[in-house]
Each structure stands twice: as structure tokens, then as C-alpha cells.
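Next comes just one chain, in C-alpha cells: the form predicted on its own.
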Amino acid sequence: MPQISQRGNEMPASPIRKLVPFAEIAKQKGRKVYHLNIGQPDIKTPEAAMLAVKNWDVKVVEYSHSAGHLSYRQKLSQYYKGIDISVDENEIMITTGGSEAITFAFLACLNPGDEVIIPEPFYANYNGFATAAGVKVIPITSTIENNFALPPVEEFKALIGPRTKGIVICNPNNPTGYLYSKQELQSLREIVLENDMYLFSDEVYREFVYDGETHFSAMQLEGMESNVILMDSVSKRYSACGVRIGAFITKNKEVMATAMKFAQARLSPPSYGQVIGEAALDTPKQYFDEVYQEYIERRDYMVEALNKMQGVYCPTPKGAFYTVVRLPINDSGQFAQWLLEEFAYENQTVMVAPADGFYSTAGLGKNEVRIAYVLKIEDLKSAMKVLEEALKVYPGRTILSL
């Protein structure tokens, strides 16, 4: 029998999706499953974006330019300039989701065996993208005790070796909801320039920033034109995860030309997705104001409800719509499976994402889960009640102190 590739064997399974079969079985039993495990908002996609697809009058759905529709890139350039990121249409490539933008970044900038430093916990699929590109992830641990702030510069410098070629950040952060400050980004600038590295900045949650805070982009760092690769997506900003449209942005012409070769090999990004993405740029401010208020209400309720539960600690996220929560449990993977297989409260249960899948360092995250507060407030209240009752009877419960 032919053998599976080494790369295939090394490719990690998604910690977010691997529990799906257990959720399906729970639903087949007639249980209501509250999905706190995945960043799939229940917010409506903007009406203008949906109408653009319905009204797109074409006889043939053709390939677009490998970099994406020119009209979209030009319009996207104006969007970025409106938030003080000065790029033109030639410095933007439309990608098949933010995932492809990250993959292109790794393939264009890094050789097999090169290393990237990533603050953990981090978006679990970074491990997958790195594995596919033959890149080694070097984790640097942020902690819940410090609300997952950026580790000190000295800790980064201690990890830099001859194969270290970049740093990856997600700002605001998935899975923690932490918002990196301008000062923290400036500290990364120092490291990147000193060691002639890349800074890969995943900013797909830029619009979700709370409590009067402001988002500072890596593209706004001075003197970093050749070093910064920005990865972006319409999925969360416009609640359009299924359209699979993202963007790869850099002012480094050599990197863009190299990434274009990978883009040409996959021909073009999705046409209908680009129509939605372009139209979504006309979304009125009222839409975002309403979404902001909705997420603030959900976040505040969730944080308060979790911290009232015995042995639970939940920091207050400043961005995105996730938080990593410490629970009085011995194994988050076993707990998440137990919730789906064995537990029900009033014929309901919850699905959470075990946080150990967001760490690269073995053994970390065993008593933490990621929760996405993407459900309407009524469902979120029910989900919190279910989780509270589950923790009271979970056989693997432990006594923890922060």
C-alpha cells in the first residue's frame, strides 16, 4: 500500500474542528449544541454585499487577474488609506481567504527549515500553514496572568537563531482577544530591523476593538516598508466567512512579485467572493456601530458570567470576539469531548475549543479553553448556564487558583 507523505503525517488536525463528529452525534440525540468553539458570527452579512451578488449580471464567470479584480484592489486601497495605511492597488493581492494570504507569505519569504517566532497561544492553523511550507514555529509564551500581553523584548531576542526569519502576530489576537498596543508593536519593530527579519501581521479583526482603544497596524511602523507583510480577510469584518476572500499586502516589491507566482499557479481568487468583498466596502457606519454594541453586550455578559463560576478565570478581551478562559479541569480536550458525549443540561450542551491546540509548547493550555462569543445574547446566556452546570459535575474537575 502506498505511504502517506511525511508532510501529511506531520500536518496537525484542527483543534477547532476535530470535535465536530461528537457534536453531530449529540445533535442526532436531539440535544441543542451551543457552538462556542468557532468564530462563525451570527451577524447578518451586509445587505449591499448580498445584493451585489444577486445583481451581478454576467454571462460567463471568468477568471480574474491573479491579483484579483482591479476595481476591487483600487477600492480596497482607498479603504486602507482611510485608516492611515498608505498602499496602492499594486501592493494588494486578493487571496482565497486570509488563509491563502498567510500561506503565500510563508512560501514567498521563508525557506524550508526557516523559523518564525509566534506568541502563543496563537491561531491554531498557523501550525498547519507552517507545516505545509516546511517552516518551524518557535513559540514564545504569553500568559493568562498577564492577560496575554506581548512577552518582553529580551525573551524574543533569546529565541533568535541563524534560521529565524520572522515574527508572526495576530492583532487583535485570536484566540485571546488581546489587543497589541502601539508600544508593543514598536518593540517588535526594533527586533525585526535589528535582525533583518519579516513581520507577518494578521489583522483580520481590526474592526473589533473595544473600550475606546484604537488599533495600530504594523503597516504604520516607520521604516518597515520592506519587512511587513499584512494579511487580511473579509470573513469576520463583514460576517462573510464562506466567501473565502482575503488580502496579501506589502510594499516590498520583490516579495509581491514572488507571491504573484504562487497566485498565478492557483490562477485566480473566487469571482463571486470578490464581488461581495468589493461591495462590502460600501457598508455604512451604522452597520459597524450596531455590530460593535452587540459584541460589547455579549462580551460583558460572558466575562461576568464566567468569572462568577467557581474556579474560573476569564480576562476581559479588548478586541476580536474570543477569549481564552482558565477552567478548573485537568484536560481541556477530554472536557470538550465529555460535554458533547456525556453531558446535557435541560437537553442542551456546549461546544468549546480546547486551548492546548492553540499552544505549540507541549503541556500548555490543558486547563484552558477558547470561547467565541458569536452567539446572540439569549443563546449565550443559555450556554453559560450549561457550562456552569457542567463544571459542577465534571469528573475531571480540579481546584485551581490564579
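Numbering starts at 1 and runs along the sequence shown. These numbers were taken from a predicted model, which means no experiment stands behind them. The term rigid core refers to the most C-alpha atoms you can superpose between the two forms while keeping them within 1.5 Å.
Absent from the display: the form predicted together with another copy of the chain. The rest refers to it.
Although the partner is absent from this view, N227 contacts another copy of the chain in the model of the complex, with a non-hydrogen atom inside 4.5 angstroms. Contact annotation: P175 falls outside 4.5 Å of another copy of the chain in the model of the complex, judged by heavy atom distances. For the chain shown alone, V58 is a contact residue for another copy of the chain in the model of the complex, at least one non-hydrogen atom being within 4.5 angstroms. Within this chain, K318 is remote from the site of another copy of the chain in the model of the complex, having no heavy atom within 4.5 Å. Note on contacts: among I92, V168, L327, A133, the single residue with a heavy atom within 4.5 Å of another copy of the chain in the model of the complex is A133. Out of the listed residues R206, R189, K75, R244, R244 is the one that sits within 4.5 Å of another copy of the chain in the model of the complex by at least one heavy atom. The partner is not drawn, yet in the model of the complex one stretch among 145 to 153, 302 to 310, 209 to 217, 95 to 103 has residues with heavy atoms inside 4.5 Å of another copy of the chain: 95 to 103. In the model of the complex, N252, E254, V255, T258, K261, F262, Q264, A265, R266, L267, S268, P269, P270, S271, Y272 are the residues of 246 to 273 with at least one heavy atom within 4.5 Å of another copy of the chain, listed from first to last. Relative to the superposed core, K18 undergoes a Cα shift of 2 Å or more between this form and the one not shown.
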